[in-house]
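Shown below, as structure tokens, is a lone chain in the form predicted on its own; questions about how it binds or moves come after it.
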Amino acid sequence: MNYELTRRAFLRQSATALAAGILLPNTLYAVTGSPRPVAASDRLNVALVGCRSMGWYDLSDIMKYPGTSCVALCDIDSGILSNRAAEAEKNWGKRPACYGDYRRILERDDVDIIIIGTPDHWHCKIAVDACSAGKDVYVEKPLANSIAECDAMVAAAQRYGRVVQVGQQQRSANLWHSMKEYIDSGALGHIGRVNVWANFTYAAILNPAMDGPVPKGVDFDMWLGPAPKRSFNASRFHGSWRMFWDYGGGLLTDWGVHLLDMALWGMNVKDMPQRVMAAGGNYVYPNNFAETFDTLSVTYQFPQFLIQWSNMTIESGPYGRNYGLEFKGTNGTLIANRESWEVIPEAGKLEAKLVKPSNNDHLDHTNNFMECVKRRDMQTACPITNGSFCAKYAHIGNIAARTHEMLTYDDAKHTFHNKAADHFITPSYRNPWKL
């Protein structure tokens, strides 16, 4: 065995072998598969797919990690792509190569990491292709736009031995770790219910645009990708796509994966709920152009407690917080969001408590990913299995509301045992794209 094999050469060899269905011997995989540090001189080359919003924020923090180079950008909007390339050159001293098709990036041997900042309906295809090409992946949340896509992404990451971090950065925040420690201490007593809410006006699309011509420089067919063919509408495009089922899942998949993650983590939930009940619609704004629900309630039932989700298209909420969580215990109530967590005692059984954030969670999250890439450690702060778990909870809530059914999801058999609900598990990809 040649232990002088470089990391990049190994990645090329492993990607080629796995793509051909060849199983690599364990001794070869051990060169990089074990958490063994990579020499500092071995730079990590990063490429971003989807440059407009959160993807650029992810790249900007990843570029703060020592020894990192941005070598490529990809976007279907040439205007955004050109502006980001100029910004990259200004910030980091080198203009990255620009592409309109992510597959051209995957052909490059010098790319180690792919950041996925696209709309949700593209996450699965790009991530699976990246893993099979031997790239590590930082993917925005929610992990995918359907339950079946979550399963496909987990399978690809595990098959090809790739490091994946999901952009649920609260997993890297001291604030939320201290909250969990307090809950685990048992001080709140028995927690019978966790309320989770997110109220944001951006879930309402009022005065929508009419269908019209595709803007100059936009490859709209590529933007649609595996989603159904349709005409262009600016109100379903940049910034508002997540309010349409073909591309996103509304507030429940946007904020819900962050906040449900904290609820499930705090309550040590490892499995699917016993049953899920939900109701939703566009009730705040009946003329809302969005397909997803501006008003939604979901109840996840467990043997000893409930987790309840709600959202509305307003900017207010319980305890003066338009988003957050409430853990209701017999000794007191813990309220939390990204600004703080606090304890309100029940009949003097506890001391009041207030805790503020003490770290840069997003930067710590990207740093954790880069360290795991160097060590070949698959257990990132938010590994793909956890991203899948939280995304499934969000999708199940939406499916229960869309079918008007009380549901139980069998994660082992990949079914609700309900024909109407099972229809939403796996999306139908538009040719030539395949799941």
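In this text, all values refer to a predicted model and were calculated from it rather than measured experimentally. The numbering used is simple: start at 1 and walk along the sequence shown.
Although not depicted, the form predicted in complex with a small molecule is the subject of the following passage.
Participant: Check each of 294, 77, 112, 261 and return the one that places a heavy atom within 4.5 angstroms of the small molecule in the model of the complex.
Facilitator: Partner contact (heavy atom, 4.5 Å) among the options: 77.
Participant: Among the candidate residues 266, 134, 280, 167, which is the single one with a non-hydrogen atom no more than 4.5 Å from the small molecule in the model of the complex?
Facilitator: That would be 167.
Participant: Among 386-394, 45-53, 61-69, 406-414, which stretch sits within 4.5 Å of the small molecule in the model of the complex, heavy atoms only?
Facilitator: Stretch with heavy atoms near the partner: 45-53.
Participant: Is residue 118 near the small molecule? Define near as a heavy atom within 4.5 Å, in the model of the complex.
Facilitator: Residue 118 belongs to the contact set for the small molecule.
Participant: Using a 4.5 Å heavy atom cut-off, state whether residue 223 contacts the small molecule in the model of the complex.
Facilitator: The answer is yes: residue 223 has a heavy atom within 4.5 Å of the small molecule.
Participant: Quick check on residue 256: any heavy atom within 4.5 Å of the small molecule in the model of the complex?
Facilitator: Residue 256: no, not in contact with the small molecule in the model of the complex.
Participant: Is residue 141 near the small molecule? Define near as a heavy atom within 4.5 Å, in the model of the complex.
Facilitator: Looking in the model of the complex, residue contacts with the small molecule include residue 141, since a heavy atom lies within 4.5 Å.
Participant: Report the direction of the Cα distance change between residue 203 and residue 300 in the model of the complex, compared with the displayed form, as closer or farther; the change is 3 Å or more.
Facilitator: The answer is farther, because the C-alphas of residue 203 and residue 300 separate from each other in the model of the complex by 3 Å or more.
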